[in-house]
Each structure stands twice: as structure tokens, then as C-alpha cells.
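Okay, here we've got a single chain as C-alpha cells, the form predicted alone, with questions on binding and movement later.
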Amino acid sequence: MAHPSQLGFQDAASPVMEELLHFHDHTLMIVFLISTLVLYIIMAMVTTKLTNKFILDSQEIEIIWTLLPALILILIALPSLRILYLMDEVNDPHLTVKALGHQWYWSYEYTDYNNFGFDSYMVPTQDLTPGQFRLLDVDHRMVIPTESPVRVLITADDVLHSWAVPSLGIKMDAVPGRLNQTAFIVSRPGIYYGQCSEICGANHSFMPIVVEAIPLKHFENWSTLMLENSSP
């Protein structure tokens, strides 16, 4: 999760987020090179005492400063399109979870099971236990297995919400009357925090998202226990 004075992204916990981090570093290096070149040219023009009154045009320079930006845009666009299509792929998910946004909490339904779902509310500050995070922890986490493709169906019950977990590279709008979907694979066990990323009313800041990834064997035990507790 993020920490105070952090400048970079959170550590990647999914293959898609790793690709996004690599693309960010790739693009940032191009930006640094362009900025350095422009700064050097500005400084050279400001500080030099040499002038050339006979240069009226230069076709070679015009060709270079036309083709070079086009090449740079291609170097940025191709990796970007690749990741865009990777993020849109949903291949044979092992588990499907429906996330339903409300004012101001989330509901999760495990659609592969019968009558398996729960609401997820933020833990109030006065009820926090040692080790829990203020405004981030919830009473019921969304539990998923690691190293398994998971599909999340996202919608809303009232107003616009947005289901976002930065460590997983996921951000999808929850729109009333519309069902959006996204998919991801969690690389390692852990607890990953997110928040609603669409202004949805007075308590927009108080509907966090917590995803707990555990090994498949433990997930099966957890789901069996939850089904036993929910059965009449």
C-alpha cells in the first residue's frame, strides 16, 4: 500500500500492473530526454554570442523535427495499445465476483456459488484494532485465490462509483444500469487496498476496497466456511 512521502507507484501485485510500471518508466525516460534536449537548446540560444544572418531556411532540420516527433509518438503508442488490449482480455476466469457500489459501501457476490455474498463497510475509527488502517480497512474483505484468473463484474445501485485497486492495476467505473467487467491475476498473497475513485456524494471518502489474496487451498476452506455460516 502507499506510504507517506511516496513518490512512485505502489508495488505491482499483478502482471498487468507490472506492465503498466514498465510502460511508465519507458515513457518517463522519453520525457526526460526531450526535456533535456529542449533545455540544452534554450540555454545554448540564450548564452551564445554567435549569430548567423544568412540562414533563411533548412530543409534538413525541418525534416528531422517532423519525423522525430512522429517516431517518438510511435514508440509510445505501440506499447500503450498492447497494454490496453491486455487489460481488456478476459480468458477463462476461475472465479467471478460481482462488485455492487452503494452510497456508501460495497457489496460482493460470488456468482459461482449459490447465495454467497456480503456487504463491505469501512471500519469506523473508534472500532479500529491495532494494525488496522484508518479509512482503509473494512469489516468484510473481498477474498480471492492467488495465481488464478479472477473476473470482477462491476455496477452500481444508485450513483456513479469506481472500483479501483492500484496495486492490481484495476480501475473500473460502476455505472447504474450497466455491467462493466475487468479481470486480473494476483501474483502473490497479500492484502491490497483501494478506494472509490468517482465522487459519489458526501461520504465518497468512506467506502474503501480491500482485496485479500490467499492460496487456492485456503480460499476453498474459507469459501466452504462462509457457505456453512450463510446456510439456514
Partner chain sequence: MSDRINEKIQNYRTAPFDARFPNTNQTRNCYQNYLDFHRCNKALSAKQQDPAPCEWYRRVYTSLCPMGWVQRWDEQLEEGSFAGRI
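Bear in mind that the values here come from a model prediction, so they are computed numbers and not experimental data. Residue numbers count along the first chain shown, from 1.
From this point on, the text means the form predicted together with the partner chain, which you will not see here.
For the options L153, I83, V159, V123, the residue carrying a heavy atom within 4.5 angstroms of the partner chain in the model of the complex is L153. Looking at N115, you'd find a heavy atom of it within 4.5 angstroms of the partner chain in the model of the complex. D92 belongs to the set of residues with a heavy atom inside 4.5 Å of the partner chain in the model of the complex.
Put simply, E109 is close to the partner chain in the model of the complex: some heavy atom of it is within 4.5 Å. Although the partner is absent here, G177 is a contact residue: one of its heavy atoms lies within 4.5 angstroms of the partner chain in the model of the complex.
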